[in-house]
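First, one chain by itself: the form predicted on its own, in structure tokens.
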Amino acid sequence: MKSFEAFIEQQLAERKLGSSYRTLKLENSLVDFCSNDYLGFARSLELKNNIDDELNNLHLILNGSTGSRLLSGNLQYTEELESEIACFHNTPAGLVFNSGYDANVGLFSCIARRGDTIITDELIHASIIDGARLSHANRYTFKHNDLESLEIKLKQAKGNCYVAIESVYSMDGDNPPLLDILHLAEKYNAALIVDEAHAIGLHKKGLINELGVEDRIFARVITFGKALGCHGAIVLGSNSLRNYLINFARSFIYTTAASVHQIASIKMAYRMLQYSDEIIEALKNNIELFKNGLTQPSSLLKSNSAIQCLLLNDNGRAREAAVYLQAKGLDVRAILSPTVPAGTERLRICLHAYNTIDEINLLTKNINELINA
């Protein structure tokens, strides 16, 4: 056992030496500029009360789901929710997964087979990378949002080809040239898969619905743990895709189903989302207030989303900047390599509908002092 422990300690020591050692942090009383709770649903008393009322009216006395959905864990209530969400996003069908990670790993690991091709943006979610690896398909990445790079990879594709992008990128906060990418995918007879995890909320139903191209997208992944304030995800697509995932997605087949409480939470969050125009407008206003408050806005990565990033290009500098802001009462976190490529370490600032004008002014004041120091 000593050799195994020595290996573990060596790996951890290397992480510490490179200033990339990760630790868990407990909740705090700092002003939230780090969570993905963009609309404040996770902390909403109204949503909590709606969930409690829904559960009381259901009369389903189940703490857990009792098994996988293919055994004892499937409920009519869950299937009705899937249909409701699919209708909300104007698509034929959907299948709920226990998390966004489960959804991406399940989808990408089974949809492409040996001899097929998966092409992903180089900044795609880690869960998509992991799912693609499990598929045994040919895998290519293209330069971030680079159409020429994508077309080169499309020309090399074999078998069934799937192109994967995010509608809002989780670490840069920017949008892809989605319509141009869709056109290229169609030109080469490739299926486009879009992860909308960070688009829901700012774009009420997601960017795909906003652009009106739902019927041209092979699959969408919508997660519930960001702006919806819950947990889980749904893969949207055709009825055939839903049936395929039920039969072949291992992260769906071989796991205990989500609890009734989780399904009820998702249902009530979607009901709340339907009437959230004022909250979404508040989020948009806060994004503009933040950007306009910086004396050097060019120091930020280009983004119109709730995710705003200040590049510091070094793990140590990013950590120090985060500690500085936290000491001022602002919960801003550093994103370090290897989570992002070396040389792109940053402060990742998440803005929310519930952040006050005073809080955002305090944030921009201290960032300006950091930049100008």
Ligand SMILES: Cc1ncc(COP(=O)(O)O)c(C=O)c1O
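Model, not experiment: these values are computed from the prediction. Numbers for residues come from their place in the sequence shown, where the first is 1.
Note that the form predicted in complex with the named molecule isn't included here; everything after this is about it.
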Checking 73, 92, 293, 232 against the named molecule in the predicted bound form, the residue with a non-hydrogen atom inside 4.5 angstroms turns out to be 232
Note: exactly one of 131, 206, 237, 100 sits with a heavy atom within 4.5 Å of the named molecule in the predicted bound form, namely 100
*asked:* Even though the partner isn't displayed, in the predicted bound form is residue 117 close enough to the named molecule, meaning a heavy atom within 4.5 Å?
replied: no
Any non-hydrogen atom of residue 172 within 4.5 angstroms of the named molecule in the predicted bound form:
no
For this session: Could you confirm whether residue 228 comes within 4.5 Å of the named molecule in the predicted bound form, counting heavy atoms only?
Result: no
Since only the chain is shown here, I'm wondering whether residue 197 would be in contact with the named molecule in the predicted bound form (any heavy atom pair within 4.5 Å). yes
Note: the named molecule not shown here; in the predicted bound form, the stretch from 275-283, 298-306, 100-108, 153-161 having heavy atoms within 4.5 Å of it is 100-108
Contacts from 127-156 to the named molecule in the predicted bound form (any heavy atom within 4.5 Å), listed N to C, are 127
